[in-house]
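One chain is shown next in structure tokens, namely the form predicted alone.
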Amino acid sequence: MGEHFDLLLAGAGHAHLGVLRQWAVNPKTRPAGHIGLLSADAHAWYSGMLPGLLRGRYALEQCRIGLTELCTAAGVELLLGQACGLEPAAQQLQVSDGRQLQYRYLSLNLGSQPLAPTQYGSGLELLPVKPFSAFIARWQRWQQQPQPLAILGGGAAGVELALALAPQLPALSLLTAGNLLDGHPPALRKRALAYLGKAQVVVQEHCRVDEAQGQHLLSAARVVWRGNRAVIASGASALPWLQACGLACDNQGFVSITASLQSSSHPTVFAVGDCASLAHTPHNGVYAVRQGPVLAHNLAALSEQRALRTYQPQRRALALLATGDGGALASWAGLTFEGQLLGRWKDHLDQSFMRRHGNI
């Protein structure tokens, strides 16, 4: 029998950070009992500041939150380890080092993983942008000997990475399966293409990379890029072990949840952020942050047999994309903007988030 928790939080995503902060600031809202946080890293990384870190605008310590201090303030035991399996019927979470963690209630904020092409042979290093600690460590090694680079993924993450990294590389290509910034207003795509062109980034749209063979990236059996290094910043895909554990999932493998943020099949399990699936809720950090207060209330209410709240996703969200030069692109309600003032606003929002969660 493994260690038992009244409540176990798995993953240190945005929603769980909000929950921990609430408990630290207002201990009366913390549920009673033994609570643990399982995290693969002793720090929580803030993805919004990653482009600034890579461009040299931020130091490493400015982009991550120490979980030891936050957990101590919240009255939560920090457990370092990688979740790798779940038996919801037995209420048991499995850790890659062999530990079995028993729980009464479980909350999952584990994120997702970039969708990687199938790789055959060696010669090409494929580096997923997540987990951030591994990505940053590899990038620091790559910087010692810059080489041409491909970025797979034309969403906001791919665009921001390309604009941050282009000045540091001899050549950079951005390959995307559909239109650049698909799902955003066409005017934002036009602005982004202009910035990428100025940075001499080669953009290949409608180029879904299916395979990596040796040093070649292939799309529909056609070689579309050749080199030694590629970063995977494609759309979110579900964690394989999570979609196979027995929880109800959508057709992409993300955990299906109700408006109370509970698993639709196992009400003792909550899921939020990128690992969860709820109608009208994109895989976007803005939505995960807004789930935090509802999750904090419901985790306490369920254990105390009080009424649960429902999460109502916002109808629209502001998109802010760093342009690498201190500025930003923005879209809101179909309107788009750009400029240095937006970049300063983005910096303010990012740094405010870090202060709220890092200075407890």
Ligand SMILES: Cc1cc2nc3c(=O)[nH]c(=O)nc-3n(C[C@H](O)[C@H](O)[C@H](O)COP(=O)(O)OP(=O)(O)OC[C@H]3O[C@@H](n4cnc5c(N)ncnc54)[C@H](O)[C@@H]3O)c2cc1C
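Sequential numbering from 1, following the sequence displayed. Predicted model only: the values in this text are computed from it and were never measured.
Separately, the form predicted in complex with the named molecule exists; it is not shown, and the next lines address it.
Practice problem: May I ask whether Leu38, Ala83 and Val129 each come within 4.5 Å of the named molecule in the predicted complex, counting any non-hydrogen atom? | Solution: Each of the three qualifies.
Exercise. Indicate whether the named molecule has at least one heavy atom within 4.5 Å of a heavy atom of Gly11 in the predicted complex.
Key: Yes, Gly11 is a contact residue.
Exercise. Report yes if any heavy atom of Gly111 sits within 4.5 Å of a heavy atom of the named molecule in the predicted complex; otherwise report no.
Key: Gly111: yes, in contact with the named molecule in the predicted complex.
Quiz item: Taking 4.5 angstroms as the cut-off for heavy atoms, does Asn284 touch the named molecule in the predicted complex?
Solution: Although the named molecule is absent here, Asn284 would touch it in the predicted complex, with heavy atoms inside 4.5 Å.
Exercise. Find out whether any non-hydrogen atom of Ala15 is located within 4.5 angstroms of the named molecule in the predicted complex, and reply yes or no.
Key: Yes, Ala15 lies within 4.5 Å of the named molecule in the predicted complex.
Quiz prompt | Contact residue in the predicted complex, chosen from Leu124, Val201, Ala238, Ala288 - any heavy atom within 4.5 Å of the named molecule | solution = It is Ala288.
Exercise. May I ask you to choose, among Ala212, Leu161, Leu180, Leu101, the residue with a heavy atom within 4.5 Å of the named molecule in the predicted complex?
Key: The option sitting close enough to the partner is Leu161.
Practice problem: Go through 129 to 137, 68 to 76, 187 to 195, 218 to 226 and give me the stretch that gets within 4.5 Å of the named molecule in the predicted complex, heavy atoms only. | Solution: Of the options, only 129 to 137 has residues within 4.5 Å of the partner.
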